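In structure tokens, the next block holds one chain alone, the form predicted on its own.
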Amino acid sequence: MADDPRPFARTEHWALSDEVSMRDESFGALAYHHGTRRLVFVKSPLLVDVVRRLGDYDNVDDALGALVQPADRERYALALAALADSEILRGC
């Protein structure tokens, strides 16, 4: 992980890291971080869409509000936080 990782905050702008490649799979996607060599399974096609489009929104809450049903937003926020911890997402 980075020496001083930015804590995940839903009210801030996040995006897919420039060091990450995503390959679509039937279950969602494989995300590979070229710097850490970490491979992460993104286990939902909707989560893959959210991750790819996250940078288009001012903050995580705006992205979730536009892309995810209200009942599922907390679950997706937790998944995004885990992806941030894995450095798949970067704070902007």
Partner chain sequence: MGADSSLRSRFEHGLDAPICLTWELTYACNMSCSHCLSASGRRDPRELTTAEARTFIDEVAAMRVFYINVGGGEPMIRRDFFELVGYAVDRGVGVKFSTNGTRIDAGAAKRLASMDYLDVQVSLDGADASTNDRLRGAGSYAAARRAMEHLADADFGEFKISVVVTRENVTQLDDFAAIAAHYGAQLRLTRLRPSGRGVDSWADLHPTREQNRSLYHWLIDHPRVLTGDSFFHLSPLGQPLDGLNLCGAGRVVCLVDPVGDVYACPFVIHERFRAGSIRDGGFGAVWRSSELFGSLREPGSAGACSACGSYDACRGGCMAAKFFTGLELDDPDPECVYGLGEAALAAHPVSIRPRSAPDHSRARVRSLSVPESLR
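Since the structure is predicted, the reported quantities are computational estimates derived from the model, not experimental observations. Positions refer to the first chain, counted from 1.
Here the subject shifts to the form predicted together with the partner chain, a form of this protein not shown in this document.
- Interface residue among 84, 68, 22, 15, judged by heavy atoms within 4.5 Å of the partner chain in the predicted bound form: 22.
- Heavy atoms of residue 30 reach within 4.5 Å of the partner chain in the predicted bound form, making it an interface residue.
- With a 4.5 Å cutoff on heavy atoms, residue 53 does not count as touching the partner chain in the predicted bound form; it lies far away.
- Contact annotation for residue 39: at least one heavy atom lies within 4.5 Å of the partner chain in the predicted bound form.
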